[in-house]
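Below sits a lone chain in structure tokens, taken as the form predicted on its own.
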Amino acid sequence: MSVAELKERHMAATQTLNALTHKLKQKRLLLLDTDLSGYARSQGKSPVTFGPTDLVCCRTLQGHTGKVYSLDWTSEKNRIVSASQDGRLIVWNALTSQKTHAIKLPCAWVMTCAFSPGGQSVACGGLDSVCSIFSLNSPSDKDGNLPVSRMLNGHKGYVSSCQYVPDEDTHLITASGDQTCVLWDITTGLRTSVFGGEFQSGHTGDVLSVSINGSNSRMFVSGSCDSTVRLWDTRVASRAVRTFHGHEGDVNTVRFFPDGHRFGTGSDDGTCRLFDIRTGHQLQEYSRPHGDNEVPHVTSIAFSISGRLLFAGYTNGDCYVWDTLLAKVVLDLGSLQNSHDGRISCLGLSGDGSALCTGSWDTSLKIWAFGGHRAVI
């Protein structure tokens, strides 16, 4: 068989596959007779209500001299690590606002940071295509800087996101502009598995975010510039378990729902969405109508402990609190006193759900405390 005939057969097979994929998508849409908010309304659910003192800014963390790009809480809730364009990681005591570490980075163009589950190490990555690990217990060098304890080399593009595997200080997953995700063994510095890349089921654009399932750490999702989210099983790196469609722009952020059966997304198309990993269906879209002006992009999301609230940061400085059941905005932190002056670039909830931290291009971080009963929502 000639090369031309092989190419012709390949093109025909690709067209058939695309046609079947489209037909399957249409069949799935026909099965969806309602969404989450429609069902909740039919059950008589009422939206969450917020009073003026239910969520207040109780701390402003100042110390960075550049745009804040990423933050993460420790599991014991009292410390935060933040990464900034000033080329530093700062570890904060969230209760006192004091800085416990200010780490000068090998590459100033940092994009992501994460605490280890035990809280003794922090990881970061950026445009140098390397994920750097710092042990907070290491002695400082003669210049007062904390040395890098491990450099994870292997990506061929910038490192956009990193997250430690829950309850494991020795493994983490990174996402990269090289269209792959990598599971690393930090002890050896070697790649355990590569997800995507040469595999056809991988992403076809830069991977921007990852989230590991807290209920099953073998499963994680990745969001990409190809407008899709993919579900992966760390035991089977050769193919994605499932691909989720729906967004019409870059998927900037993904986050698992507390029960591990669903996950949320945020995109350049200005929407957040909720997907079910078991059915592959979109359960809900969270969006507000906008005028003729440019639609603000969603940069970061987080769920409350119960999953009833979805926090979403936007490029225009808004930070909406969505009622996930009824798809209604119940509060905009951007309208409250002491709110940020610039783009909300990152946010995260403390381990016990009692506080929210937001980071911004205005170079500051803010801690928002829940009043009374709000801690259990």
Partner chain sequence: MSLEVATVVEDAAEYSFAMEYHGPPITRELPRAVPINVDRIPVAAVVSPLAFSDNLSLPIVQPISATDIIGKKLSMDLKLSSSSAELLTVSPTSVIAFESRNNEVSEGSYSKELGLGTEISVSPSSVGNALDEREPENCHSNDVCALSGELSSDFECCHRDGGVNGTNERGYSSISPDNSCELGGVGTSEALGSLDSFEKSRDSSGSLHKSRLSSGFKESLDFNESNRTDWASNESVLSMDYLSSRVSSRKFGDGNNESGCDVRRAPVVTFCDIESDDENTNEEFTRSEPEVVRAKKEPAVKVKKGACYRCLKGNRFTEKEVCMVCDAKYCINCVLRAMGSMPEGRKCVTCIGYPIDESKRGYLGKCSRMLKRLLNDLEVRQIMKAEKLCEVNQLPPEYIYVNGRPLYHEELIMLQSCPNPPKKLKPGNYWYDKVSGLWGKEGQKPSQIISPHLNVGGPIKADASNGNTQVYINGREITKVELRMLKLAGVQCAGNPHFWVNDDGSYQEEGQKNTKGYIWGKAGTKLLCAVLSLPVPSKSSHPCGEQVTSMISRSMPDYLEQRAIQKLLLIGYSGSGTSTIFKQAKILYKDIPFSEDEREQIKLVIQSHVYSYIGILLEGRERFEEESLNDLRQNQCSDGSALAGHVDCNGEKTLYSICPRLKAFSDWLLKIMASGTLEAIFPAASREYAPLVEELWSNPAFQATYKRRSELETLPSVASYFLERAVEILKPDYKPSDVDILYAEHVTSSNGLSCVDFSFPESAYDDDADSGDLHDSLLRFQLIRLQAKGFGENCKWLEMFEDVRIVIFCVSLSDYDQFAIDGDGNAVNKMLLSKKFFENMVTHPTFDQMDFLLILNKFDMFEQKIEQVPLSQCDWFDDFHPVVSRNRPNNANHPTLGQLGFHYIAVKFKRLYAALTGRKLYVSLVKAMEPNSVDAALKYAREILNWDEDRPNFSLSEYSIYSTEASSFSH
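By rigid core we mean the largest C-alpha set that fits within 1.5 Å across both forms. Treat the numbers as computed from the prediction; the structure is a model and nothing was measured. Positions refer to the first chain, counted from 1.
Separately, the form predicted in complex with its partner chain exists; it is not shown, and the next lines address it.
Heavy atoms of Gln163 never reach within 4.5 Å of its partner chain in the predicted complex, leaving it off the interface. Its partner chain in the predicted complex is not approached by Trp322, whose heavy atoms all lie more than 4.5 angstroms from it. Taking the partner from the other structure, its partner chain in the predicted complex has a heavy atom within 4.5 Å of a heavy atom of Leu127. The shortest heavy atom separation between Arg308 and its partner chain in the predicted complex exceeds 4.5 Å.
Picking from 114-122, 246-254, 281-289, 184-192 the stretch near its partner chain in the predicted complex, with a 4.5 Å limit on heavy atoms, gives 246-254. Each of Ser97, Gly177 and Cys225 is positioned with at least one heavy atom within 4.5 Å of its partner chain in the predicted complex. This chain is displayed alone, yet in the predicted complex one of His171, Arg88, Lys77, Arg242 has a heavy atom within 4.5 Å of its partner chain; that residue is Arg88. Within 4.5 angstroms of its partner chain in the predicted complex, the stretch 48-62 places a non-hydrogen atom from each of Thr53, Asp54, Val56, Cys58, Thr60, Gln62, taken in sequence order. After superposition on the rigid core, displacement of the C-alpha of Ser354 between the shown form and the other one stays below 2 Å.
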